[in-house]
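Shown next as structure tokens: one chain only, the form predicted alone.
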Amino acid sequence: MERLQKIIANSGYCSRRKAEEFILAGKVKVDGEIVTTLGTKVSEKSVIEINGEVLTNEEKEYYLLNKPRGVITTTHDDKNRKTVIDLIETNKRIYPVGRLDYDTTGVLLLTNDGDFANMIMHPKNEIDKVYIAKLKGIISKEAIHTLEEGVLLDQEFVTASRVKVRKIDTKTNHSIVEMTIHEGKNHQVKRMFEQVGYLVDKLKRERIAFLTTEGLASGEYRKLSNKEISKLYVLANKK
């Protein structure tokens, strides 16, 4: 017996968070009965339906995309804007692991493996997400200290595990700053810098754990190797 949302996520239909939304909305049936309670345990042999579609297990796929600016990080868009899914050639129902803003570029993982996605995103696993931000203004040592100590977002403190100044340009009044985080709140990096008085001009996610966009032009992608996937699980299990 497994929790319903976990079985849905493992099937590749959607992320675990989205599965929970479907359950609470009354869109999931188990053996013909609507289930709306999170954490309900069901057999893997049970017939599960979401919006009338019977759930089936799919072969797992894992992609690393160099996300370009101007592409939406979602599975579909009501305004018919290009999404990250449009950039990947696959017949599997994949979805992005976490989110990058419309104007943010860089490393983005996509998969149909719910456990993998949850492992990458959960802060307890301390998987590094490294961002490079171009800031308006010259960042101060006090601001860096505050970011590493923690700022209040959505009524809870979030911290940067590392903040490093890469470049200061006094002529243009800009700073290039590297920030490493483990959480993944909405617009988190931009909001953290705003909390200490700096606006972000440009933002790129340079790295997730050891994964970078090396060899990938903007908009290009590749499959993760089995070795890379195993290494990510090893990193998570060490925490």
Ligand code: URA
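Keep in mind it's a predicted model, so treat the numbers as computed, not measured. Residue indices: 1-based, along the sequence shown.
What comes next is about the form predicted in complex with ligand URA, which does not appear here.
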Review point. Hey, in the predicted bound form, does residue 104 get a heavy atom within 4.5 angstroms of ligand URA?
Key: yes
Practice item. Flag residue 69 as yes or no: does it have a non-hydrogen atom within 4.5 angstroms of any non-hydrogen atom of ligand URA in the predicted bound form? Key: no
Check your understanding: Can you check whether residue 108 is within 4.5 Å of ligand URA in the predicted bound form, heavy atom basis?
Key -> no
Point to revise | Non-hydrogen atom contact residue 208 with ligand URA in the predicted bound form at 4.5 angstroms | key: no
Point to revise | Which of 56 to 64, 184 to 192, 42 to 50, 26 to 34 lines the interface with ligand URA in the predicted bound form (heavy atom within 4.5 Å) | key: 184 to 192
Practice item. Kindly confirm or deny that 100, 131 and 203 each have some heavy atom within 4.5 angstroms of ligand URA in the predicted bound form. Key: yes
